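Okay, here we've got a single chain as structure tokens, the form predicted on its own, with questions on binding and movement later.
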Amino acid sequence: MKPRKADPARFAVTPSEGIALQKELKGLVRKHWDGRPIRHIAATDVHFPARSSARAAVVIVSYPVLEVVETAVHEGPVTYPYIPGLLSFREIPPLLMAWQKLKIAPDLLLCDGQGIAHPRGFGLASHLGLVLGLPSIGCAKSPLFGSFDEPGPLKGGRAPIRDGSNRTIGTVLRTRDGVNPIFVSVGHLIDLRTAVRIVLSCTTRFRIPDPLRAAHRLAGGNL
């Protein structure tokens, strides 16, 4: 019997199958930026108002103005349990249902989660970017994997996130003077320097980038 080919859109997996799939799909992630013009950015978030239900939201903003131009929501049952490190299998299916409702095709994704700063180098932002074939950036409120020093106290202060082999897998980024940093990593089809630049350009008054704040509110989460 031939081994099953790794399919980024395969979500009905056991935890052990999910881990194996992440390890395979990691090799498909591309950490380069092709310089494409960015006219629209999509931000995604998923809220779980009850244990058995999910509300997935996608917000599209114009860039660099950051005006909301389209939104989409999908509410439905949760089909995968909460397992740290395997959140993409829980969150991407409802996000794809919301994505199908969009009319505008965005040029880039901002995801509320990790990219390659993940124990297996394949977090939500990498997985969703690979499924959709779009550049994606992981933008998390807390760290999941790796070691880092505290960045400088002013907006734009940054420090590398490193794995056990001392390779840089992300950036701890201060997006507002004197507030807790966020954790930025490559998802897919982008380099880290470009990812940090875009995240900063999307962050105006608050700690969290404006598009992700809008997606979080639409999904029903508290800020």
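The numbering used is simple: start at 1 and walk along the sequence shown. Please read all numbers here as calculations on a predicted model, not as lab measurements.
Below: the form predicted together with the DNA, not depicted.
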In the predicted complex, the residue from 94, 135, 123, 106 with a non-hydrogen atom within 4.5 Å of the DNA is 123
The single option of 87, 131, 73, 78 touching the DNA in the predicted complex, heavy atom within 4.5 Å: 87
Would you classify residue 48 as touching the DNA in the predicted complex, given a 4.5 Å non-hydrogen atom cut-off? yes
Contact with the DNA in the predicted complex for residue 101, defined as at least one heavy atom pair within 4.5 Å: yes or no? no
Interface membership of residue 152, the DNA in the predicted complex, 4.5 Å heavy atom rule: no
Within 4.5 Å of the DNA in the predicted complex, which residues of 115-154 have a heavy atom? Give them in sequence order, or say none. 118, 123, 124, 140, 141, 142, 143, 144
